[in-house]
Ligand SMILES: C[S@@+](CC[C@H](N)C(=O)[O-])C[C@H]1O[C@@H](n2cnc3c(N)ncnc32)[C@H](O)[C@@H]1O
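Heads up, the chain below is alone and in the form predicted on its own; it's given as structure tokens.
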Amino acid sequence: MTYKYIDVYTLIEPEVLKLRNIGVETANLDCRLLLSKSLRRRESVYNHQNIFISQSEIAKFRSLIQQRLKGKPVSRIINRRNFWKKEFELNEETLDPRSDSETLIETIIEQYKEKLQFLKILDLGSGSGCLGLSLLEEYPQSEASFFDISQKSLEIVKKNALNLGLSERSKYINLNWKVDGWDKKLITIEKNIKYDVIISNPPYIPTDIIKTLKKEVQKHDPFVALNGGKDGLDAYKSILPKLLNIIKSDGKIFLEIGKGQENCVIKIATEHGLSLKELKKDLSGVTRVLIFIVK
């Protein structure tokens, strides 16, 4: 097999221009990530680097660029996404983590400043596990349970936990919050030990709105991880009535919400024995996280 010795920017420049021409703002980064994928490297290559590359690897790179030109997100092509301080693997049943959700992690760190305390954490609707695993990284004495309807998502959580060295402090629970009695099953699995922290980024986009989202989202994120039902509140209506049964009396609940949903979610929570402690805005100034405690 013959290899070419070439600098990265010379190789990617034509592809960067193609992506810029269709409005991709991260064209250079996207090309470098896709080139790394073609070279089977975990770390990103950089413009100034010189690399050895074969014709088959160049062909692979260009085929990945074609996927990107058709609107497929880079994270879905390489099946990885950076979140908080680490990189997480994804599959077709996990939501692509968003930077907005890092507000959840920031909020918990503000509330629990002592990093060496023990916290029993529930990541409710865990997807890739990025929330709960990020918390286990921050709180090295703590444990997390990952709850998801999708067994395939839980397999990715296991893989991410293994990659990050967090398997021993992780538990995986395959349940469906739409099925009545899920809270009793959960607490039985947990041997009647309740949680200090419950964190959740549930589906909250109204069904009719999904078709108006960017194609990258509506075509490549799993529908079940986006769909909040007619009013976007289905998940909260399933989750909130049960949380009193699984949270410790001094525990805290951290929920991500969609823009403008705070009043509705607060109403559901207060009707079921919870009290709003605080709201937290994301970098855009949108109320993104609600903190609830037991009344």
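Since this is a predicted model, take the numbers as computed values, not measurements. Quick note: we count residues from 1 along the sequence shown, nothing fancier.
Below, we turn to the form predicted in complex with the named molecule, even though it does not appear here.
Contact test in the predicted complex: residue 175 vs the named molecule, heavy atoms, 4.5 Å: Output for residue 175 is yes: heavy atoms within 4.5 Å of the named molecule.
The named molecule contact at residue 130 in the predicted complex, heavy atom, 4.5 Å: Because a heavy atom of residue 130 falls inside 4.5 Å of the named molecule in the predicted complex, the answer is yes.
4.5 Å heavy atom contact, residue 121 to the named molecule in the predicted complex: So residue 121 does not count as contacting the named molecule.
Partner proximity in the predicted complex: residue 136 to the named molecule, non-hydrogen atom cutoff 4.5 Å: Because no heavy atom of residue 136 falls inside 4.5 Å of the named molecule in the predicted complex, the answer is no.
Residue among 193, 224, 189, 209 with a heavy atom within 4.5 Å of the named molecule in the predicted complex: Spelling it out, the residue with a heavy atom inside the cut-off is 224.
In the predicted complex, segment of 212 to 220, 199 to 207, 158 to 166, 71 to 79 with a heavy atom within 4.5 Å of the named molecule: Flagged stretch: 199 to 207.
Heavy atom within 4.5 Å of the named molecule in the predicted complex - qualifying residues of 103 to 121: If the 4.5 Å heavy-atom criterion is applied to the named molecule in the predicted complex, 103 to 121 yields nothing.
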